[in-house]
Ligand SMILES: NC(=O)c1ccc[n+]([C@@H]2O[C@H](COP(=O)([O-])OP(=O)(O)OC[C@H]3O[C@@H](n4cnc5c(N)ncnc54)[C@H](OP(=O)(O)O)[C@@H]3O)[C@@H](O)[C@H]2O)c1
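One chain is shown next in structure tokens, namely the form predicted alone.
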Amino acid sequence: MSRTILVTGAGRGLGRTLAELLSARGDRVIAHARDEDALKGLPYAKALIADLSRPESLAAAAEAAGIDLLDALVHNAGIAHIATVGGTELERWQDSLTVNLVAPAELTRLLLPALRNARGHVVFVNSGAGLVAGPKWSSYAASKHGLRALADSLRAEEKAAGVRVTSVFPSHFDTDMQRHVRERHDSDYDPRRATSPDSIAATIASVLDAPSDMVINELRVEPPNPLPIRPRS
């Protein structure tokens, strides 16, 4: 049966791959992006255009989208600033926390009535950095640790309403962000030792397909033989 699923960051990378997969199998995708140009060539039923760096704009965007029933909300969009604590300026901290944590919290709040109506599912695409923080990951990891806390609280609060909540922690998968991370660490990159976006998208789809009498609270995935992030010798 077709379901209505909102995917944030659907214009590129994993978000686009997931939106394509869900649309191809017959789901009604609400595609979020910062602007409509980012969604060109993507099959979707409805767009939600909003800048996550301005969470105060989400209420108007959500109202314009007219979402009354939502089977799933996949928080995929995110940014990563890679630098030492001493080298991370205030603006970078604010960007990371706003886009990666505050915006998902606000969008979830706005869409909770629609999710409750459908006994829906919220999936937070987190990161291995949301479990363990390493050098130069401070602002990104802090936002992702916070995202895990948001998911845990939401799960406890909404279980009586039938809303399921899952955190997915992918690590070392083949994206532009992964390449950026490697560049910032002066580290080698081998896509053959990374998980593909197709595999991560299929995994998220399988989480959404879990039987209604169960919930996958957390799921950690990584390639069998990831290339460590370390400076070139």
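Quick caveat: nothing in here was measured; it's all calculated off a predicted structure. Residue positions are given as counts along the sequence shown, with the first one as 1.
Below, we turn to the form predicted together with the ligand, even though it does not appear here.
With a 4.5 Å cutoff on heavy atoms, Y44 does not count as touching the ligand in the model of the complex; it lies far away. By the criterion of a heavy atom within 4.5 Å, L18 is excluded from the residues contacting the ligand in the model of the complex.
The ligand is not drawn, but in the model of the complex it has a heavy atom within 4.5 Å of A50.
Contact annotation: T175 falls within 4.5 Å of the ligand in the model of the complex, judged by heavy atom distances.
Note that among 70-78, 105-113, 84-92, 149-157, the stretch whose heavy atoms approach the ligand to within 4.5 Å in the model of the complex is 70-78. Contact with the ligand in the model of the complex, judged by any heavy atom within 4.5 Å, is made by just one of V123, A141, V163, V99: V99.
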